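Taking the form predicted alone, here's one chain by itself in structure tokens.
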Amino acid sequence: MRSITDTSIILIFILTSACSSDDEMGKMEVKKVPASFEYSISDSDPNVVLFDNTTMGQGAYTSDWDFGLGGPLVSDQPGLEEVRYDNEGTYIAKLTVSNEAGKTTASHTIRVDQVGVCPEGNCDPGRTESLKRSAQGFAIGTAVRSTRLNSTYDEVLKANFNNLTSEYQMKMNIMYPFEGNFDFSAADAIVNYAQENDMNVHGHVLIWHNATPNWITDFTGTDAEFESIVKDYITTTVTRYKGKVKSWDVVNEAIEDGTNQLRNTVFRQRMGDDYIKKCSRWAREADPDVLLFYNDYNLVFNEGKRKAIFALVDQLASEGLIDGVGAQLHIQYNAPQAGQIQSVVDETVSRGLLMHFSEIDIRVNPGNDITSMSSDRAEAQKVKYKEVVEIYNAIPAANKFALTVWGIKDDDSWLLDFWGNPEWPLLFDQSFNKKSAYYGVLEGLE
């Protein structure tokens, strides 16, 4: 027969064992939490990835991201993580989940090509999200300088553009700075780059009152001698680039605002009211195959100026001295109306001429009321770019020539100095990132 003491000892042992088992079972239940995440590509920007932490586990744990871009780990926050991949390459994105039992890691490979993040890592060479690839039957151009044909400029140019316009280095004051002394070095660099990369060159511009060298403005010889010099300059220049430059703006901005008459330039004074015909004829004789354009601004805003310009165009067309009209589209996010742009197109198409939207940029800060690019203005700019491109895309195929954006990235734009206030008018930001405006152009090309 057991004593009370013996029974007590047995009960104490059983209770102690039960408590020990409960403690050990509690410890066994703490396990590592399996890390898990998914990712998708943003609908509005193909270089942006949206990461979704799908980890599920009991108890306390933390999650940290390594997006493969270098730098410290990033603590996971509620909702999606939005990450931009600007450069082509392969990145390993990792999510590390930690608790008292240890760590687990999940990873995905992110591949990026010139189009953006590749769906499911598949960078198919046939992917076509590029401005020049999306345009059907016409060229996509941009303004360049000879010093901006390398590094990231080179990548952007090759990926998106197939028509180059010299911003200012194919004008008379640069190519013929002194009498008897031509300087084609910068123009040659642009033309050679274009040829090496299967791009067209739009020559801009043979005659422009704001790019006239001083020795021409101050020339003291006879009018006949003046005209001979201009003829020699045009003949020499166009002949040099025969078969290399597809098109030329012969005379730029010859109609004066306000009066809607011919500007009283030195060329008009010394060569007569028909100086544009003379210049166009010399260009045609130098290269019968080159396309000749007349280029001007405010066609969409000023009906009187538009009427005067097309009267000039008709004079040139009557002698076969013009192939197309260049309408500079230095416009704003809120103006002009689509109908105003369409009027220029209709006037051009009705004459059987080529239409060139020649200098496109869209200001978002015309009232100088913002100090940084807002999401509202970015969206409005995107909508306006899309509208412009849709209008152009609807032109009959026989009348399409090119869309030319006047520069690549915002901080290179001439508008900054011209207006003296912050502005973001182009398709790429100062770091060469594609803006919403870029996707507006793509949507307009669809």
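Residue numbers here begin at 1 and follow the sequence given. Just so we're clear, the structure is a prediction, and the values are computed from it rather than from any experiment.
Below: the form predicted together with a small molecule, not depicted.
The putative spot formed by Tyr168, Glu359 and Trp414 is fully lined by the small molecule in the predicted bound form; each residue has a non-hydrogen atom within 4.5 angstroms of it.
The listed set Trp208, Tyr193, Tyr275, Phe138 contains one residue whose heavy atoms approach the small molecule in the predicted bound form to within 4.5 Å, identified as Trp208. Asn252 is the sole member of Asn162, Ser146, Asn252, Thr348 with a non-hydrogen atom lying within 4.5 angstroms of the small molecule in the predicted bound form. Listed stretches are 51 to 59, 374 to 382, 406 to 414, 388 to 396; the contact stretch with the small molecule in the predicted bound form is 406 to 414, by a heavy atom cutoff of 4.5 Å. The small molecule is not shown here, and in the predicted bound form it never comes within 4.5 Å of any heavy atom of Lys246.
By the criterion of a heavy atom within 4.5 Å, Gln328 is counted among the residues contacting the small molecule in the predicted bound form. Although the partner is absent here, His202 lies well away from the small molecule in the predicted bound form, with no heavy atom inside 4.5 Å.
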